[in-house]
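A single chain, nothing else alongside it, follows as structure tokens in the form predicted on its own.
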């Protein structure tokens, strides 16, 4: 059931490509969140009472409809984010894969059978739902973000209140329509729109919420953790990154350049897993720099399928990036290419940032330690592997990392010792798959992993069960 905010307020979503209004969305506040949480609470007993297989069958039906209407979903994603339709199709396909995997977990919601030290005593564990899950997502990959949280929360038997990103309200709304059409019972998934302080904060504070899963900035993650800690609320935080991509002196430079471009600039750099710190061995620095700058300048910026990257999501994000770049220049940073807003006639009204490479920055500079969430990467020159690994780990974040080398010993040592939740050899810093865990260390998260089977640990509790028997009574 769709309904307006109790206040009657709305918010306006602007096109990142044109800067013009796209749609109006409900501007939910605390009273609306209470209604949504109550709805989820009312539906909990019936939904959790279904077997995991039955829940999985319904999630399969949602996924089937998402596949059937993936072109429509991709068109909405492209409109709201400014990415190309092809890129939006890729994100939609990732959401479909996540739905299929998690629906299958309905047949694999395993507990364990264990032994006991006591005779005639049997031990086992089972998974149980937590209750109402509060889900808060970002707008960078909106349909994939919806899938990452909704599907695992529901398969575990929870009901959910999803706080959609204010920059991608239509994506969440359309997913809700498909879920309803697929037969998801009323109240199992409740989608609220609105701003973080007005809608997200009341969701975290609501006593009827039993678990919070948040994807977004580290600053907001800290606020959520502080509030949730007051009542020992379980919280999963997937936060920011300043992800290193290391180029060794034995790397395939063509491959390294290609993956650097994709990791730094695809989706306009709006990935928590984007490569924003490019660490290059001194022996190949000049050659790699020349190739990287040349190919960066050839990138096409726009919303079409022939373009390599689109705009950033809103003007606030664009202005923040430009401000940090300006301050970096004051402190001696050198703009190797880009560094400015695009102002051509076709791009002047959109939120377009030129693909940017920056050199002569220090590891402790603001631009080296702050997640920009845009198409901006800094380059660092190091003598060799020891310095590269030290610099890769010299960050408040620890989400993803990549190394390019033909040396299996270097690759193995790097993946073992780099302080990151995900490490990649001869590839990008992004590209997680639905059956693999994703999350970070340090200020990139609080230890939980989504998706993969590890997501089940976020959205369920493990109960230990002991059964004591009298063998003599068995034969009575």
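Numbering follows the first chain given and starts at 1. Small disclaimer: the values here were computed from a predicted structure and weren't measured.
One more form of this protein should be noted, the form predicted together with a small molecule, which is absent from this view; the next part is about it.
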Inset, instruction - Would you point out which of 214-222, 379-387, 294-302, 114-122 contains residues with a non-hydrogen atom within 4.5 Å of the small molecule in the predicted bound form? - result: 214-222
Inset, instruction - Sort through 244, 200, 152, 82 and report the residue having a heavy atom within 4.5 Å of the small molecule in the predicted bound form. - result: 200
Inset, instruction - Report the residue, out of 367, 239, 278, 318, that has at least one non-hydrogen atom within 4.5 angstroms of the small molecule in the predicted bound form. - result: 239
Inset, instruction - Please check if residue 165 has a heavy atom lying within 4.5 Å of any heavy atom of the small molecule in the predicted bound form. - result: yes
Inset, instruction - Give a yes/no on whether residue 185 approaches the small molecule to within 4.5 Å in the predicted bound form, heavy atoms considered. - result: no
Inset, instruction - Using the partner position in the predicted bound form, report whether residue 47 sits within 4.5 Å of the small molecule, counting heavy atoms only. - result: no
Legend entry - Residue contact check: residue 308 to the small molecule in the predicted bound form, 4.5 Å heavy atom: no
